[in-house]
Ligand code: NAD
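Next up: just one chain, as structure tokens, the form predicted on its own.
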């Protein structure tokens, strides 16, 4: 067995930690920055509060970001960074601002557009990057500690990740207080994304012991605290535990990556607008049952360590969580009506992440899964 592990992001975790962001900017030598955030956070005052904590060093905002960020979004963000002369950026929000900001910061001091790196294979140079501070407002994506940015090239019709060591945030500020206002549906979707990260990274063919331990810790937290955070949104303990689960699951999948559920989530989101975490959860219970049949017993051990009798009981709990939190359970619920749509979903699900799945899957296997949940 051989494996590698790297996690260069300095993590600052705890309620109220955003009030210390000025000190973190001092640590990275930041003088002039850009705040990258969602329009909601710009309009509801959270962005202004973060700028206040930054001590007057935010020179511009950028909030023109789609829920699934595009290469055009990144290029516009890069333009703002370059015109501002920014030597750092702060990303505030969920996965979309994070992914947009990571890609933009990676090429901020260069002259090219992101498509050259994203789909044309140009290597990212550390000399072109500026440091980024990630401040998540949801407990889900783990994007604040990974070097992965999932972008959609609208002109080419391609949604694919790019990653490079230069794309790691310099620091992550994880403040559970920022998640208190997250709506229940978003809490559910992002929380199920955490669970998918934990489970998929554990069974990935690239699994390794440090990440396995994180996978198990994160999954236990989700099974114990997600529904409480959903039903009691002001419960700061539940919010804190889900924020912990999110960042630990981010560590878990940072090296092994994800597998089948994430591969299938992309077309469910792109074609039918299903939020990312909800899209992952649509197939997660199916994949738990499927992979439990074909591995060497590791998934059974994982399920028992999470407190379940076996992997099938764990899958049943995922199904029940989806039901109780109003997540989509079938393809018909999201608008899939015709057989040719299932064919298209299957074709678009044949993503490289499937190669990480412990059970090898072909077109017919994925189509059979979609037929089972139609």
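Keep in mind that this is a model prediction, so the values were computed, not measured. Residue numbers count along the first chain shown, from 1.
Not on display, but discussed next: the form predicted together with nicotinamide-adenine-dinucleotide.
Check your understanding: Looking at 316-324, 38-46, 22-30, 55-63, which lies within 4.5 angstroms of nicotinamide-adenine-dinucleotide in the predicted complex, counting heavy atoms?
Key -> Within 4.5 Å of the partner lies stretch 38-46.
Check your understanding: Just one of 283, 71, 190, 215 has a heavy atom within 4.5 angstroms of nicotinamide-adenine-dinucleotide in the predicted complex, so which one?
Key -> None of the others qualify; the residue that does is 190.
**Study point:** One residue of 84, 96, 255, 291 in contact with nicotinamide-adenine-dinucleotide, assessed in the predicted complex (non-hydrogen atom, 4.5 angstroms)
**Key:** When nicotinamide-adenine-dinucleotide is considered in the predicted complex, the option within 4.5 Å is 96.
Review point. Would residue 148 count as a contact of nicotinamide-adenine-dinucleotide in the predicted complex, using a 4.5 angstroms cut-off between non-hydrogen atoms?
Key: Yes, residue 148 lies within 4.5 Å of nicotinamide-adenine-dinucleotide in the predicted complex.
**Study point:** Proximity of residue 172 to nicotinamide-adenine-dinucleotide in the predicted complex, heavy atoms at 4.5 Å
**Key:** No, residue 172 sits far enough from nicotinamide-adenine-dinucleotide in the predicted complex that none of its heavy atoms falls within 4.5 Å.
Check your understanding: Can any non-hydrogen atom of residue 207 be found within 4.5 angstroms of nicotinamide-adenine-dinucleotide in the predicted complex?
Key -> Result no; residue 207 lies far from nicotinamide-adenine-dinucleotide in the predicted complex.
Exercise for review: Please check if residue 335 has a heavy atom lying within 4.5 Å of any heavy atom of nicotinamide-adenine-dinucleotide in the predicted complex.
Suggested key: No - in the predicted complex, heavy atoms of residue 335 and nicotinamide-adenine-dinucleotide never come within 4.5 Å of each other.
Point to revise | Within 4.5 Å of nicotinamide-adenine-dinucleotide in the predicted complex: residues from 183-198 (heavy atom criterion) | key: 183, 186, 190, 193, 197, in sequence order.
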